[in-house]
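We begin with a single chain expressed as structure tokens, specifically the form predicted on its own.
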């Protein structure tokens, strides 16, 4: 299907991108393009208004790469998913990013799709939001005035992933004492869209859960924390029994949102899986 006509802009610096972005109306930013192009096709098919301008961020060097900056690792917004999977800098608690990257779609998509696109496309089912919340990542944005804004990932998704700025990078604190577990269920075999995903981070102190974060993506709403389950787990012994008793302490409003019986069942499977995984890591 042919797209409706638009003007395509390909700036080669962040400064130029910000100037272009600030000077235009009816504009969309393009990261890897895997979401945007399909979205434009859908809009045309439905007869909806499409943007007059597309600004590609693909040729901006300062938006690419992964850097060790002491206590933090910075993942730039235009770093593609395959580069995340291959990065030797993602160790300790940050290794969960590699686990998530490995599970995203096909090699062709991973070569194109970017961290920035995955986080800011405003589709509720993408994989990276839950893990960014679980890692307490900070998201960095730059406005057309050149000023930087830093927003915790949890707050960004509480605000429905809305921004009028350009997302430039995520910074994540390194912590080798944090354990993690991740679970993802596919919606269908032919189409690799998640039905749901879970990411749990915790400190396993003297055989007990501590400072636990349970980030849930029910793929209907934006990723969020199950604080009721977190409160239950903290202070509990890390053993196989907790994987069962935890199921009685869920924030049901998260898991029941437009959920079929199968989806609710798979959430329970996922919670058992991540808690048993953490139990194995404690041994």
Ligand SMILES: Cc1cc2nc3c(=O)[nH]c(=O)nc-3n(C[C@H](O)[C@H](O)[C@H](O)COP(=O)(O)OP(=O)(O)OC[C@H]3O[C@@H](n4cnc5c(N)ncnc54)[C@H](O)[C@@H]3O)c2cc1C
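None of these values were measured; they are calculated from a predicted model. Numbering follows the first chain given and starts at 1.
FYI, the form predicted together with this ligand isn't displayed, but the following is about it.
Test of understanding: in the predicted bound form, would residue 132 fall inside 4.5 Å of this ligand by heavy atoms?
So residue 132 does not count as contacting this ligand.
Can you tell me if residue 184 lies within 4.5 angstroms of this ligand in the predicted bound form, counting non-hydrogen atoms only?
Contact with this ligand, yes.
Taking the shortest heavy atom distance, is residue 57 within 4.5 Å of this ligand in the predicted bound form?
Although this ligand is absent here, residue 57 would touch it in the predicted bound form, with heavy atoms inside 4.5 Å.
Please tell me whether any heavy atom belonging to residue 31 falls inside 4.5 Å of a heavy atom of this ligand, as the geometry stands in the predicted bound form.
Yes, contact at 4.5 Å.
Looking at 87-95, 206-214, 163-171, 145-153, which one sits within 4.5 Å of this ligand in the predicted bound form if you count heavy atoms only?
Of the options given, it is 163-171.
Just one of 254, 36, 242, 229 has a heavy atom within 4.5 Å of this ligand in the predicted bound form. Which one?
Checked against the cut-off, the match is 36.
Any chance 6, 11 and 24 all have a heavy atom within 4.5 Å of this ligand in the predicted bound form?
Not a single listed residue reaches this ligand in the predicted bound form, so no.
Neighbours of this ligand in the predicted bound form among 97-116 [non-hydrogen atom within 4.5 angstroms]:
103, 104, 105, 109, 112, 113, 114, 116, in sequence order.
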